[in-house]
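Below you'll find only one chain, the form predicted on its own, shown as structure tokens.
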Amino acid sequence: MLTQRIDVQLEKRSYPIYIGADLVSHFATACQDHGIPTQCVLVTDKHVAPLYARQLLNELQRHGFEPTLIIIPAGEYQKCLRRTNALYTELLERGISRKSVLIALGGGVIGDLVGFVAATYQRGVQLIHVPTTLLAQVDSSIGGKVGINHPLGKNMIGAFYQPRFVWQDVSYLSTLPPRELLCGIGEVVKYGIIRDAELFAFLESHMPSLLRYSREELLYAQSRCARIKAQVVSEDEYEQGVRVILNCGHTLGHALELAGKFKVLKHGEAVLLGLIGESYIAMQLGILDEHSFHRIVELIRSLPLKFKQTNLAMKEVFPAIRRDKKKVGKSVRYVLPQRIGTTVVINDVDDTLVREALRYVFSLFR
């Protein structure tokens, strides 16, 4: 059941986001409508493949497509140059031409990695995102950011490369492990903080239903976030202006991910901690009122977020912050909540306040 079509308006690079439930029987038709070539490559990981790959392959074959399936290991560590090169090699060995399409079936790791391969293989092949996690559906599959990690930082090697379309089937979320659902909720909370006070209030009253995988509530949150992301990207494709607001919680979040070597915290979990820390900074700077701060903290504390600070190499946090991609010259840029639904960008925050914010975050999760 297709419920919505949201368009990302980028002139010649414009594309739709299709949103609904139980959409597999419509996928090949959508590919035909978009003039997708018959030679296509479905790339997924070992977790997703047994759940959803065969359904898509059968649907494509039934409509005359000639799909190739590539399955890689799962996990953040696949977003690296070694895996990228392995994919290039496999595509070349299988004779995949530049007149083909890569279909990224999976979560944010698959979308980022396959998107980067699509952007660079033979100077660019077509790309379709079929995100299977909440985080990927509400955030990473929209907007054209693709890339891989470097040992010194997350997403440090990448490009802006827009897909032909994004296919968001909320029924995929029913098989998400609870921790992966939580990661997606981290990005949903971010959208409420940066641009949608009504969504934030919805989360305050409906979080238990979301955590129980309620399809109706998930579809509402997913579509609302996708619309916000599409609007922001349409205004600012290359992150030269308003798109920076999407990084709220990410300056501290990415640093904490790196401090745990991508093993202790998943991206959405790190963003949740980053949102608390950056909200604390905003309150201490007089940017965010105390009531709004406590609403943010209480919403995030209501989530089943668990980690051990002792597993984080805290000495890595500040070097990671100083290498952050959002730097302007030597200044580290923070996107701080001004009130729920609005943010402000601040260049540089005193390290003492950042340490204080991190201590506050960790005190909440002992």
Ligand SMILES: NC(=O)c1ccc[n+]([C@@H]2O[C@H](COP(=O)([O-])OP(=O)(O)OC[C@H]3O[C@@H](n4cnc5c(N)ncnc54)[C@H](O)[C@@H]3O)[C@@H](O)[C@H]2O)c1
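All residue numbers are counted from 1 along the displayed sequence. Source: prediction; values computed, not measured.
Missing here is the form predicted in complex with the ligand; even so, the following discussion is about that form.
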Just checking whether residue 217 would be counted as a contact of the ligand in the predicted complex - the rule being heavy atoms within 4.5 angstroms. no
Is residue 112 close enough to touch the ligand in the predicted complex, meaning at least one heavy atom pair within 4.5 Å? yes
Spell out, yes or no, whether the shortest heavy atom distance between residue 79 and the ligand in the predicted complex is within 4.5 Å. yes
is_contact(residue 177, the ligand) in the predicted complex, heavy atom dist at most 4.5 Å: yes
What is the one choice in 332, 303, 48, 317 with a heavy atom within 4.5 Å of the ligand in the predicted complex? 48
In the predicted complex, the residue from 251, 100, 162, 140 that sits within 4.5 Å of the ligand by heavy atoms: 140
Within 4.5 Å of the ligand in the predicted complex, all of 192, 224 and 247 (non-hydrogen atom): no
For the interface check, one of 39 to 47, 308 to 316, 334 to 342, 60 to 68 should have non-hydrogen atoms within 4.5 Å of the ligand in the predicted complex; which one? 39 to 47
Heavy atom within 4.5 Å of the ligand in the predicted complex: which residues of 291 to 314 qualify? none
